[in-house]
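One chain comes next, on its own, written as structure tokens: the form predicted alone.
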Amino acid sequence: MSFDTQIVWQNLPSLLYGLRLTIVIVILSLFFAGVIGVLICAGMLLGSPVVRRISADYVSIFRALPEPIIIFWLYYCSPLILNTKLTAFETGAIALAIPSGAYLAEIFRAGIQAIPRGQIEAARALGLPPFWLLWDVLVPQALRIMIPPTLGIVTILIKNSALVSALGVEELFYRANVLGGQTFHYFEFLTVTAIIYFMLILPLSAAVQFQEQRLSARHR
């Protein structure tokens, strides 16, 4: 079996358009997931018992549901509740953000709770205001702990972005599938698409390993 590079080069602009849309979806989903994660984390750590229960239930529910179920439910069922239909792109970005926000909430909570309680008490004993306690004591240490698992969530978002092709969003996988159907060169387009996903995820995986090694060395 020969690999037709010419057909790939001829349709490369179409693949790059899909790649650009994939990156936009991932960035938007990560932003919304971060907002959700911060709110749910705050609810679990600082909220009233009712808010803590609701926040914990959110995490449990959306960590258990498969992403395709969330995507199709939002697309087909949300108009019955919201009286408005989201576009396929909007649905994809929000649907990917909802479960990712649940995972990020747990990452944020674990990062904050990993900081020794004695440091917080010492900062309070010195009269450090709550904002500066958060900014100078909690955030710098928590971020170092949060970075590796957060990058892991980004890699999952990149892979799951292919799921929104089921709604007709013309991201990278959708473009590759369409081009394969039009030219009957599925092997070339799907192989190139797999390589592109690999090149997107490999640096993130390397960064996760590097940061984990730094944290391990710091603890030793």
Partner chain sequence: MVSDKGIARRGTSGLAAGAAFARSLPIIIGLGLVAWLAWGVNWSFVSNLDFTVIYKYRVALFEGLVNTVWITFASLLLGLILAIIFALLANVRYAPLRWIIVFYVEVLRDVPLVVALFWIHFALPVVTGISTSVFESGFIAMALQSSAYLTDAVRAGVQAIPKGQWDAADALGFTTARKWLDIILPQAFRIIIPPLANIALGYFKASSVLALLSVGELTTVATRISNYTFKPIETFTFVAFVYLVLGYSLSWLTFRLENLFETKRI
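This is a predicted model, so every value here is computed, not measured. Positions refer to the first chain, counted from 1.
One more form of this protein exists, namely the form predicted in complex with the partner chain; it is left out here, but the text below deals with it.
Open item on the list: For the three residues 46, 103 and 177, which mark the spot I'm curious about, does each lie within 4.5 Å of the partner chain in the predicted bound form through at least one heavy atom?
Closed with: Checking in the predicted bound form: 46, 103 and 177 are all within 4.5 Å of the partner chain.
Open item on the list: in the predicted bound form, does residue 151 come within 4.5 Å of the partner chain, counting heavy atoms only?
Closed with: Outside the cut-off, so no.
- [ ] Report yes if any heavy atom of residue 209 sits within 4.5 Å of a heavy atom of the partner chain in the predicted bound form; otherwise report no.
- [x] Output for residue 209 is yes: heavy atoms within 4.5 Å of the partner chain.
Task: residue 205: touches the partner chain in the predicted bound form, heavy atom cutoff 4.5 angstroms - done: Heavy-atom contact with the partner chain at 4.5 Å: present for residue 205.
Open item on the list: When the contact criterion is heavy atoms within 4.5 Å, does residue 201 count as touching the partner chain in the predicted bound form?
Closed with: Judged by the heavy-atom cut-off of 4.5 Å, residue 201 is in contact with the partner chain in the predicted bound form.
Task: Heavy atom contacts to the partner chain in the predicted bound form at 4.5 Å, residues of 57 to 82 in sequence order - done: Stretch hits, in order: 60, 61, 63, 64, 65, 66, 67, 68, 69, 72, 73, 76, 77, 80, 81, 82.
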